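Next comes just one chain, in structure tokens: the form predicted on its own.
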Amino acid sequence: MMSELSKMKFYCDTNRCIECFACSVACAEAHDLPTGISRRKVITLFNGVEGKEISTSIACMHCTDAPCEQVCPVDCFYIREDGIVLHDKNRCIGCGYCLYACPFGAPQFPRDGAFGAKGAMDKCTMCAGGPLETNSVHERELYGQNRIAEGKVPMCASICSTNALLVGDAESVSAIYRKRVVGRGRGA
């Protein structure tokens, strides 16, 4: 069994995020997302407040104790051994419980509506596809590119020009961030 430190995680270094939206646009393009679905968002806190404004890129954080998985009445979520939280769109009934449970607002639905009328939920897959045959046409249609199976990092992180968006096992991401913090003021 993998340790918690070997689980895949995202981290956005707010000291480096320049609110360029490249991560969000690249994700939408790579996965042919329909209008209204945004697996990755850039948000700015304290917008316009000089000296306090910070931006961050946010998506599914692939929680270890994923609340979406805990509330799903049809068990469409599953967590891979590497910590990536995925879901089965063919099992999803569009109830929206996962949206209410997620502290990051990651689940997206193609339509508004009441229980069951929203359509199958969509969210960040960390570019790891879904439960279908890896890199099959059907997997790509439902979940987008499976870059992890190809040995690549997720599209959002690969396009980040300032390397604000980090992805990898928790220990590696933590080591990079610690090095940056130690190096601040010394040109790192």
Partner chain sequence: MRKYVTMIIAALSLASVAFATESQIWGEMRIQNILGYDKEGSTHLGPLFTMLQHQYFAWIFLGVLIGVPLAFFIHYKIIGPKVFPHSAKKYYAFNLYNRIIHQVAAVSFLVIVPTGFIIVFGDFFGGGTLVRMAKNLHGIFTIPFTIVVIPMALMWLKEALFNLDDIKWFMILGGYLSKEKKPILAGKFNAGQKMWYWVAILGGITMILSGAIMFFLDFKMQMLHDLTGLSQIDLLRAAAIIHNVMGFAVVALFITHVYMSMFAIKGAVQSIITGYVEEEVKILHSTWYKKLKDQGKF
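Positions refer to the first chain, counted from 1. Keep in mind that what you see is a predicted model, and the values were worked out from it rather than measured.
The form predicted together with the partner chain exists for this protein as well; it is not shown, and the discussion that follows is about that form.
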Exercise. Any chance Y97, C102 and K118 all have a heavy atom within 4.5 Å of the partner chain in the model of the complex?
Worked result: yes
Problem set entry | the partner chain: the contacting residue among S136, T64, Q70, T162 in the model of the complex [heavy atom, 4.5 Å] | Q70
Problem set entry | Stretch in contact in the model of the complex with the partner chain, which is absent here, among 125-133, 139-147, 35-43, 154-162 (heavy atoms within 4.5 Å) | 35-43
Exercise. Is there any non-hydrogen atom of R91 lying within 4.5 Å of the partner chain in the model of the complex?
Worked result: yes
Exercise. Does D75 reach the partner chain in the model of the complex if we count a contact as any heavy atom within 4.5 Å?
Worked result: yes
Exercise. Just to confirm, G83 within 4.5 Å of the partner chain in the model of the complex by heavy atoms?
Worked result: no
Exercise. Given that the partner is absent here, does I58 sit within 4.5 Å of the partner chain in the model of the complex, heavy atoms only?
Worked result: yes
